[in-house]
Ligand SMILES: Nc1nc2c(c(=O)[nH]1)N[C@H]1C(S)=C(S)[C@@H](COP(=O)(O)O)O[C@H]1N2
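The chain below stands alone, shown as C-alpha coordinates; this is the form predicted alone.
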(Lines give C-alpha, C1' and ligand atoms only; values in the text may rest on other atoms or scores of the structure.)
Protein backbone atom coordinates (compact mmCIF):
# COMPACT_ATOMS: atom_id res chain seq x y z
CA UNK A 1 0.00 0.00 0.00
CA UNK A 2 2.78 2.38 0.95
CA UNK A 3 4.56 1.60 -2.31
CA UNK A 4 1.44 2.37 -4.31
CA UNK A 5 1.00 5.73 -2.56
CA UNK A 6 4.64 6.56 -3.21
CA UNK A 7 4.22 5.85 -6.92
CA UNK A 8 1.04 7.95 -7.10
CA UNK A 9 2.78 10.81 -5.27
CA UNK A 10 5.67 10.75 -7.73
CA UNK A 11 3.28 10.70 -10.70
CA UNK A 12 1.33 13.67 -9.30
CA UNK A 13 4.54 15.53 -8.66
CA UNK A 14 5.72 14.87 -12.20
CA UNK A 15 2.35 15.99 -13.60
CA UNK A 16 2.50 19.18 -11.55
CA UNK A 17 6.05 19.84 -12.75
CA UNK A 18 5.11 19.22 -16.40
CA UNK A 19 2.09 21.49 -16.03
CA UNK A 20 4.24 24.24 -14.50
CA UNK A 21 6.74 23.94 -17.34
CA UNK A 22 3.95 24.15 -19.94
CA UNK A 23 2.52 27.26 -18.26
CA UNK A 24 5.89 28.96 -18.06
CA UNK A 25 6.64 28.07 -21.68
CA UNK A 26 3.27 29.44 -22.81
CA UNK A 27 3.71 32.75 -20.96
CA UNK A 28 7.29 33.11 -22.14
CA UNK A 29 6.26 32.77 -25.78
CA UNK A 30 3.22 34.99 -25.23
CA UNK A 31 5.31 37.79 -23.73
CA UNK A 32 7.95 37.36 -26.45
CA UNK A 33 5.39 37.74 -29.24
CA UNK A 34 3.79 40.72 -27.48
CA UNK A 35 7.18 42.42 -27.35
CA UNK A 36 7.78 41.67 -31.04
CA UNK A 37 4.38 43.12 -31.99
CA UNK A 38 4.95 46.19 -29.76
CA UNK A 39 8.36 46.80 -31.31
CA UNK A 40 6.91 46.50 -34.82
CA UNK A 41 4.04 48.86 -34.04
CA UNK A 42 6.45 51.31 -32.42
CA UNK A 43 8.69 51.22 -35.48
CA UNK A 44 5.69 51.81 -37.78
CA UNK A 45 4.58 54.74 -35.60
CA UNK A 46 8.08 56.18 -35.63
CA UNK A 47 8.25 56.04 -39.43
CA UNK A 48 5.06 58.10 -39.61
CA UNK A 49 6.64 61.00 -37.71
CA UNK A 50 7.57 64.13 -39.68
CA UNK A 51 11.20 64.71 -40.61
CA UNK A 52 13.37 67.73 -39.87
CA UNK A 53 16.32 68.12 -42.26
CA UNK A 54 15.88 64.51 -43.27
CA UNK A 55 15.84 63.18 -39.68
CA UNK A 56 12.76 61.91 -37.86
CA UNK A 57 11.53 64.47 -35.35
CA UNK A 58 11.87 62.19 -32.26
CA UNK A 59 15.57 61.75 -33.07
CA UNK A 60 15.98 65.52 -33.48
CA UNK A 61 14.30 66.00 -30.10
CA UNK A 62 16.81 63.63 -28.53
CA UNK A 63 19.67 65.60 -30.15
CA UNK A 64 18.24 68.83 -28.75
CA UNK A 65 17.99 67.30 -25.28
CA UNK A 66 21.59 66.11 -25.51
CA UNK A 67 22.69 69.62 -26.51
CA UNK A 68 21.02 71.12 -23.45
CA UNK A 69 22.84 68.65 -21.22
CA UNK A 70 26.24 69.25 -22.89
CA UNK A 71 25.77 73.03 -22.70
CA UNK A 72 25.20 72.82 -18.96
CA UNK A 73 28.25 70.66 -18.23
CA UNK A 74 30.69 72.39 -20.60
CA UNK A 75 33.24 74.53 -18.80
CA UNK A 76 36.84 75.71 -19.09
CA UNK A 77 37.72 72.90 -16.69
CA UNK A 78 36.31 70.30 -19.06
CA UNK A 79 39.49 69.63 -21.02
CA UNK A 80 40.16 67.03 -23.67
CA UNK A 81 42.96 64.66 -22.66
CA UNK A 82 46.35 65.74 -23.98
CA UNK A 83 49.05 63.24 -24.96
CA UNK A 84 52.85 63.28 -25.18
CA UNK A 85 54.21 64.36 -28.55
CA UNK A 86 55.66 60.88 -29.12
CA UNK A 87 52.14 59.44 -29.48
CA UNK A 88 51.09 61.74 -32.35
CA UNK A 89 50.71 60.06 -35.76
CA UNK A 90 53.20 61.26 -38.42
CA UNK A 91 50.50 61.82 -41.07
CA UNK A 92 47.04 62.63 -39.67
CA UNK A 93 44.09 61.40 -41.67
CA UNK A 94 42.07 63.98 -43.64
CA UNK A 95 38.46 64.13 -42.50
CA UNK A 96 36.81 65.38 -45.69
CA UNK A 97 37.62 67.60 -48.66
CA UNK A 98 34.56 69.86 -48.88
CA UNK A 99 35.57 73.48 -49.44
CA UNK A 100 39.09 72.48 -50.46
CA UNK A 101 38.89 73.26 -54.18
CA UNK A 102 42.09 73.45 -56.26
CA UNK A 103 41.26 76.98 -57.47
CA UNK A 104 42.25 78.42 -54.07
CA UNK A 105 44.96 81.11 -54.24
CA UNK A 106 46.76 81.15 -50.88
CA UNK A 107 48.62 84.36 -51.73
CA UNK A 108 45.31 86.25 -51.75
CA UNK A 109 44.01 84.78 -48.49
CA UNK A 110 43.07 86.73 -45.41
CA UNK A 111 40.59 85.91 -42.67
CA UNK A 112 37.47 88.05 -43.08
CA UNK A 113 35.76 88.83 -39.79
CA UNK A 114 32.32 90.47 -39.92
CA UNK A 115 31.90 92.73 -36.91
CA UNK A 116 28.75 93.38 -34.95
CA UNK A 117 28.11 96.67 -36.79
CA UNK A 118 28.60 95.05 -40.20
CA UNK A 119 32.13 96.31 -40.79
CA UNK A 120 34.67 93.77 -41.95
CA UNK A 121 38.09 93.12 -40.50
CA UNK A 122 40.79 91.42 -42.58
CA UNK A 123 43.40 89.50 -40.61
CA UNK A 124 46.55 88.05 -42.16
CA UNK A 125 48.21 84.81 -41.14
CA UNK A 126 51.25 86.74 -39.92
CA UNK A 127 49.03 88.73 -37.55
CA UNK A 128 47.58 85.53 -36.12
CA UNK A 129 51.06 84.04 -35.72
CA UNK A 130 52.02 86.98 -33.49
CA UNK A 131 49.56 85.75 -30.86
CA UNK A 132 50.75 83.32 -28.14
CA UNK A 133 51.23 79.89 -29.68
CA UNK A 134 49.55 76.83 -28.20
CA UNK A 135 50.63 73.27 -29.07
CA UNK A 136 47.98 70.60 -28.66
CA UNK A 137 48.31 66.82 -28.93
CA UNK A 138 44.91 65.20 -28.51
CA UNK A 139 42.73 62.39 -29.83
CA UNK A 140 40.98 63.83 -32.89
CA UNK A 141 37.63 62.05 -33.20
CA UNK A 142 35.69 61.80 -36.45
CA UNK A 143 31.96 61.24 -36.56
CA UNK A 144 32.65 58.43 -39.07
CA UNK A 145 33.99 56.34 -36.19
CA UNK A 146 37.78 56.71 -36.38
CA UNK A 147 40.15 58.64 -34.15
CA UNK A 148 43.84 59.57 -34.12
CA UNK A 149 46.20 61.20 -31.67
CA UNK A 150 47.55 64.16 -33.63
CA UNK A 151 49.69 67.25 -33.08
CA UNK A 152 48.41 70.75 -33.91
CA UNK A 153 49.46 74.29 -33.06
CA UNK A 154 48.06 77.78 -33.40
CA UNK A 155 46.48 80.66 -31.50
CA UNK A 156 43.71 80.18 -28.99
CA UNK A 157 40.41 81.48 -30.34
CA UNK A 158 39.92 83.35 -27.06
CA UNK A 159 43.28 85.13 -27.53
CA UNK A 160 42.27 86.06 -31.08
CA UNK A 161 39.04 87.61 -29.76
CA UNK A 162 40.94 89.68 -27.19
CA UNK A 163 43.75 90.77 -29.52
CA UNK A 164 41.44 92.08 -32.23
CA UNK A 165 38.88 93.79 -30.01
CA UNK A 166 36.04 91.36 -30.65
CA UNK A 167 34.66 91.25 -27.12
CA UNK A 168 31.27 92.60 -28.22
CA UNK A 169 31.11 89.95 -30.93
CA UNK A 170 31.97 87.20 -28.45
CA UNK A 171 28.87 88.15 -26.44
CA UNK A 172 26.76 86.56 -29.20
CA UNK A 173 25.61 82.97 -28.76
CA UNK A 174 27.26 81.60 -31.91
CA UNK A 175 30.10 82.07 -34.34
CA UNK A 176 29.77 80.89 -37.93
CA UNK A 177 32.72 80.04 -40.16
CA UNK A 178 32.91 79.18 -43.84
CA UNK A 179 35.54 78.31 -46.43
CA UNK A 180 36.53 80.94 -49.05
CA UNK A 181 34.39 79.17 -51.68
CA UNK A 182 31.44 78.87 -49.24
CA UNK A 183 31.23 75.14 -49.93
CA UNK A 184 31.72 74.17 -46.30
CA UNK A 185 30.48 75.98 -43.23
CA UNK A 186 29.95 75.34 -39.52
CA UNK A 187 28.14 76.93 -36.60
CA UNK A 188 29.81 76.83 -33.19
CA UNK A 189 28.24 77.77 -29.86
CA UNK A 190 30.29 80.54 -28.28
CA UNK A 191 31.20 78.73 -25.03
CA UNK A 192 32.81 75.96 -27.09
CA UNK A 193 34.57 78.46 -29.35
CA UNK A 194 36.03 80.26 -26.32
CA UNK A 195 37.14 77.01 -24.71
CA UNK A 196 40.88 77.18 -23.83
CA UNK A 197 41.73 74.30 -26.18
CA UNK A 198 39.98 75.73 -29.25
CA UNK A 199 42.63 76.84 -31.75
CA UNK A 200 42.89 78.85 -34.91
CA UNK A 201 45.42 76.34 -36.15
CA UNK A 202 48.22 77.02 -38.66
CA UNK A 203 50.63 74.15 -37.93
CA UNK A 204 50.52 70.35 -37.98
CA UNK A 205 53.43 68.30 -36.62
CA UNK A 206 55.51 71.46 -36.24
CA UNK A 207 55.13 72.51 -39.89
CA UNK A 208 52.68 74.72 -41.80
CA UNK A 209 49.37 73.02 -42.49
CA UNK A 210 49.34 70.97 -45.71
CA UNK A 211 46.84 72.10 -48.31
CA UNK A 212 44.63 69.06 -47.69
CA UNK A 213 44.54 69.86 -43.95
CA UNK A 214 43.26 73.39 -44.44
CA UNK A 215 46.21 75.66 -45.21
CA UNK A 216 46.57 78.43 -44.23
CA UNK A 217 44.19 78.32 -41.23
CA UNK A 218 41.75 75.82 -39.81
CA UNK A 219 39.81 75.31 -36.61
CA UNK A 220 40.78 72.69 -34.05
CA UNK A 221 38.11 72.20 -31.40
CA UNK A 222 38.74 69.13 -29.21
CA UNK A 223 35.43 69.32 -27.34
CA UNK A 224 33.59 68.47 -30.56
CA UNK A 225 33.70 65.87 -33.33
CA UNK A 226 35.90 66.60 -36.33
CA UNK A 227 33.03 67.84 -38.52
CA UNK A 228 33.22 71.11 -36.57
CA UNK A 229 36.98 71.56 -37.12
CA UNK A 230 36.52 73.45 -40.38
CA UNK A 231 39.53 73.58 -42.71
CA UNK A 232 40.65 76.69 -44.64
CA UNK A 233 38.61 79.28 -42.77
CA UNK A 234 37.67 82.19 -45.02
CA UNK A 235 34.94 84.12 -43.22
CA UNK A 236 33.84 84.45 -39.61
CA UNK A 237 30.51 85.89 -38.47
CA UNK A 238 28.72 86.20 -35.13
CA UNK A 239 25.04 85.79 -34.33
CA UNK A 240 22.48 85.02 -31.65
CA UNK A 241 20.75 82.73 -34.13
CA UNK A 242 22.24 79.44 -35.23
CA UNK A 243 24.49 79.98 -38.26
CA UNK A 244 24.21 77.51 -41.14
CA UNK A 245 26.02 74.22 -40.55
CA UNK A 246 26.75 71.92 -43.47
CA UNK A 247 26.18 68.50 -41.90
CA UNK A 248 23.36 69.60 -39.63
CA UNK A 249 21.50 71.31 -42.49
CA UNK A 250 22.26 68.85 -45.29
CA UNK A 251 22.24 65.53 -43.49
CA UNK A 252 20.49 66.19 -40.19
CA UNK A 253 23.59 65.58 -38.06
CA UNK A 254 23.70 66.73 -34.45
CA UNK A 255 24.29 70.50 -34.55
CA UNK A 256 26.16 70.60 -31.25
CA UNK A 257 28.37 67.55 -31.99
CA UNK A 258 29.85 67.64 -28.50
CA UNK A 259 32.16 65.11 -26.89
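Bear in mind the structure is a predicted one, so any value in this text is a computation, not a measurement. Positions refer to the first chain, counted from 1.
This protein has a second form, the form predicted in complex with this ligand, left out of what is shown; the following refers to that one.
S.K.: For the chain seen here without its partner, which of 92-100, 113-121, 155-163, 128-136 has a heavy atom within 4.5 Å of this ligand in the predicted complex?
M.R.: Heavy atoms within 4.5 Å of this ligand in the predicted complex occur in 92-100.
S.K.: Can you pick out, from 193, 227, 223, 200, the residue that has a heavy atom within 4.5 Å of this ligand in the predicted complex?
M.R.: When this ligand is considered in the predicted complex, the option within 4.5 Å is 227.
S.K.: Against this ligand in the predicted complex, would residue 142 count as a contact residue? Criterion: heavy atoms within 4.5 Å.
M.R.: Residue 142: yes, in contact with this ligand in the predicted complex.
S.K.: Please tell me whether any heavy atom belonging to residue 238 falls inside 4.5 Å of a heavy atom of this ligand, as the geometry stands in the predicted complex.
M.R.: Looking in the predicted complex, residue contacts with this ligand do not include residue 238, since no heavy atom lies within 4.5 Å.
S.K.: Taking this ligand as it sits in the predicted complex, which residues of 169-186 have a non-hydrogen atom within 4.5 Å of it? Please list them.
M.R.: The stretch 169-186, when checked against this ligand in the predicted complex, contributes 179, 184 at the 4.5 Å heavy-atom cut-off.
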